[in-house]
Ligand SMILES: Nc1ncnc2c1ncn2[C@@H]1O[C@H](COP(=O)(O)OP(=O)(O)O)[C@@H](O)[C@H]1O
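First, one chain by itself: the form predicted alone, in structure tokens.
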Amino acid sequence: MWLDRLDICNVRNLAEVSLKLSPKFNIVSGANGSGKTSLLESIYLLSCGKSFRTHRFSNIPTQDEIWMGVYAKLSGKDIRSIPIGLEYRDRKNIFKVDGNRLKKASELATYLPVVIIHQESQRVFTQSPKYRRAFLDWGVFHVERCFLSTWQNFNRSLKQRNALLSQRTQLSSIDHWNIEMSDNANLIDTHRRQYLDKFVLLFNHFVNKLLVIDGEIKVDYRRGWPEKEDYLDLLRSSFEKDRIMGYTQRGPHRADILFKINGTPLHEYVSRGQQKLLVCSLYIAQAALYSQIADRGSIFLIDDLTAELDARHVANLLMVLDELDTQVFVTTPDLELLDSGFLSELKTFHVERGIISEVL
């Protein structure tokens, strides 16, 4: 599915926006601070019920405004349009799809799967494991229907166990949560492995399309506890150490994936520009795998595409995206930096001081 229409009210400096979109490519130009990234943020809000720029919803509405709204129509081949919307007022979020109010923000992603690449995306290679877990679990969530409930059940058990650890409760009263955690941890581990087996092949495929790199990229998956150790046995045997620490030290909540080439961490092997292309390869592979398994496309958001990339690499990246079953939104400070004449079903927009107009 794709976004056919998009209406934005009071999202940062975008006071009132109404756009008819291309189902394929939407290029957005404008000076820094004009509102380009806020447009992408609005779409991301519709998909995730949260921002990629701030953890506080109260920071998002236009200054002096107490509410904001983002509304869209989802269209697809041979299906009717579906309205989807988000409102924030009185410090509360309201999510609706097809006129029905959703209970949780996580339900939005099943209707509008969005992949975003922005200036912080390279932290998936360079920073803490939580970013790599988030990347991995986005993919698993969208292809394994039971993954979300399994992950939620594990986290509920984890919180209960950690609460009992801090109370220095005896082992006999904690074993119920050990068993429930173990059952869900093993399912999470299985789903992640199955996903990565398919993902790694596609990742290398798109890396070879986007840049020249000497060697094959390997993904070292670390599940969060020793490979040969049963998780239930580990929880029981580590009880005293966990009680001293006050929390559960091992499990899928500590998992990591390491990207290496010729034995070297990937981000140490390549230049800054190559690292951006690797990030793009990573997310393109994720979107392509989702399309294969779910038989539907996702939506790509790329902020400041031309930063750190020359014209040849930008054009090559756009050609790769053009081959995918996906709707693409790209921002750039200047349309002249981006050769888009060869793209199919293209619309271009210009943003100036929060006003977005189509370039005809």
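Not measured: the values here are computed from a predicted model. From 1 onward, residues are counted along the sequence shown.
Although not depicted, the form predicted together with the named molecule is the subject of the following passage.
Engineer: Residues in which of 43-51, 287-295, 314-322, 24-32 have heavy atoms within 4.5 Å of the named molecule in the predicted bound form?
Structural biologist: Heavy atoms within 4.5 Å of the named molecule in the predicted bound form occur in 24-32.
Engineer: Can you tell me whether L335 touches the named molecule? I mean in the predicted bound form, with a 4.5 angstroms heavy atom cut-off.
Structural biologist: Output for L335 is no: heavy atoms all beyond 4.5 Å of the named molecule.
Engineer: How about S18 - does it come within 4.5 Å of the named molecule in the predicted bound form, if we only consider non-hydrogen atoms?
Structural biologist: Flag for S18 set to no.
Engineer: Under a 4.5 Å heavy atom criterion, is G69 part of the interface with the named molecule in the predicted bound form?
Structural biologist: Close contact is absent here: in the predicted bound form, G69 is far from the named molecule, nothing within 4.5 Å, heavy atoms only.
Engineer: Going by a heavy atom distance of 4.5 Å, is L309 a contact of the named molecule in the predicted bound form?
Structural biologist: No, L309 stays farther than 4.5 Å from the named molecule in the predicted bound form.
Engineer: Heavy atom within 4.5 Å of the named molecule in the predicted bound form: which residues of 38-73 qualify?
Structural biologist: Sequence-ordered list: S38, R53, N59, I60, P61, T62, Q63.
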